[in-house]
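In the form predicted alone, a lone chain appears below as structure tokens.
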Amino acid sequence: MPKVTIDGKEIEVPAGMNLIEAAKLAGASVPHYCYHPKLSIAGNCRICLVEIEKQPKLQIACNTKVAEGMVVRTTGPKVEEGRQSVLEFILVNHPIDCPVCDQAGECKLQQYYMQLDRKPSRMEEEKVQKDKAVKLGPNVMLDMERCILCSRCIRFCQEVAHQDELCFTQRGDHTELTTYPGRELKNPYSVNTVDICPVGALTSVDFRFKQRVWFLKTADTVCPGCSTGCNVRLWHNKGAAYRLTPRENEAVNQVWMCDEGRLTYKPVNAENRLRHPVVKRDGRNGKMRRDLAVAELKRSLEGVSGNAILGIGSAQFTNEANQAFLGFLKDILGVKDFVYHANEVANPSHDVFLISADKNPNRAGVEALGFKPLAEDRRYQVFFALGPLPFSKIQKIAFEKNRKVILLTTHEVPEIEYADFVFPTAAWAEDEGTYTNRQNRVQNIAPAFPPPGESLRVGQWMEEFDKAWRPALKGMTA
């Protein structure tokens, strides 16, 4: 590997690496707009200027590869003057509307201006005015005046999404980003263009003007939308989720995620979240306090043999939730038969990149725990399940006389009308544990905020049930 000296530090770097990446290995940071490590080199923003010994002019670091004995300076008066000139040129026609820009707080233009320049504009001519709030497609909005023409979004569509939807038109300072005639930006990965836009030109239709980013906190978790298990960051504030953005994992999703997966946070905020246990009495469902509901459940299962109970896990819940559920039913209730249900979608979206036709984050995990796929089986007296059972199945079960249905679920959906007991559980954004993806890779999810009302994680419900049942079991063994 060639040896190079960057800011006085000699390091060995892989042959063929460019100077932006080499500088990272030396602990230095080179500003850049058009460069993205997962896209081809464009070299059109020119902000990544560095000084290379024995070369008369500054060079762009993104398109300069390391060479043996190269001596590079990423800072210094000459470098800073060059970058300031580039920045001033980029800002000539920029509206400088940071107070009303949705990208404020995570904008590279704003960040580098504060780091490198901080001088008032010398522009005296009227700025070129362009279209604002242009809807490029169902999920992405464009503010053309803020665009610095870095071309990251165009290259993403061509090289990653493989759908050539964006282009530049016109010339000089009238150049504009747009879609091809008759086309929209609507590939399944279109919102990644918002993530990689270094300024406020491209914004997400779903997220824009919902929340200032400096109010948001983040939790590292895994997308529950399908069995790929893309690593994501959940952005939230005051118990509400606002957006999902991809988190780098080269082995699973690189640095991307699909548009479909980005919307999986919405059910967490839904109005119909369950907040209290629901118990059926005299044929009608009613709310009940947590301890009373547990005691009522225990009374209703007295005298029921474990052979008469079917435990139904879920491919939507974590390994830990299914394990705790299985442990309580097997050890305390003596249940012997376990199956699982999954989210089965007719004509599911899928491709060869990230989108899986299996819309369950943990099918591999629940099968590894020994659960079998749910099938028609009418031999049982009690059906104890994680998540809402499919409507057709729960309706058939409930119409059978003297059968009981017990659910641990997150939302007040029509299916719970057929249940005798419903215990509210934490949604995936409020839960902790692991999912096993389609590669059999076990990945951690972290809770962003507590579940609402009297909702508990499945493991906590099993502890509550265990406390209620244990005294009776001790009495039997004394």
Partner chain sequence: MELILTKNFNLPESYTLQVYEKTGGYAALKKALGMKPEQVTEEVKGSGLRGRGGAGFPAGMKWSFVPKNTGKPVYLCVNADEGEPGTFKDRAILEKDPHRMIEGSLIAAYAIGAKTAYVYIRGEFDLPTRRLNAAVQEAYSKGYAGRNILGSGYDCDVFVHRGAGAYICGEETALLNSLEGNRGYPRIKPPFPAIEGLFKCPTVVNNVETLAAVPYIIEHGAAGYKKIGTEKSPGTKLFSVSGPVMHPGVYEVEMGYPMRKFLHEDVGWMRPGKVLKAVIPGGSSMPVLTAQEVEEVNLDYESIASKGSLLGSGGMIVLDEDTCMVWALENLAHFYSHESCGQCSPCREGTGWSYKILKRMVHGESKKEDIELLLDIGQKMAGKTICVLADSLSMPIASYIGKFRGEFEAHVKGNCSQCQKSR
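For clarity, every value in this text was computed on a predicted model and none was experimentally measured. Positions refer to the first chain, counted from 1.
Not pictured, yet referred to below: the form predicted in complex with its partner chain.
For a residue to qualify, one of its non-hydrogen atoms must sit within 4.5 Å of its partner chain in the predicted bound form; none of Lys9, Glu12 and Thr75 qualifies. Looking at Lys54, you'd find every heavy atom of it more than 4.5 angstroms from its partner chain in the predicted bound form. With a 4.5 Å cutoff on heavy atoms, Glu88 counts as touching its partner chain in the predicted bound form.
Proximity of Gly82 to its partner chain in the predicted bound form: non-hydrogen atoms within 4.5 Å are present. In the predicted bound form, its partner chain lies farther than 4.5 Å from every heavy atom of Ala61.
Note on the interface: of 265-273, 133-141, 212-220, 115-123, the segment with non-hydrogen atoms within 4.5 angstroms of its partner chain in the predicted bound form is 115-123. Comment: its partner chain is not present in this chain, but in the predicted bound form one of Arg183, His350, Arg281, Lys127 has a heavy atom within 4.5 Å of it, namely Lys127.
Of the residues given (Gln323, Asn93, Asn187, Thr179), Asn93 alone sits with a heavy atom within 4.5 Å of its partner chain in the predicted bound form. Contacts to its partner chain in the predicted bound form (heavy atom within 4.5 Å) from stretch 303-324: none.
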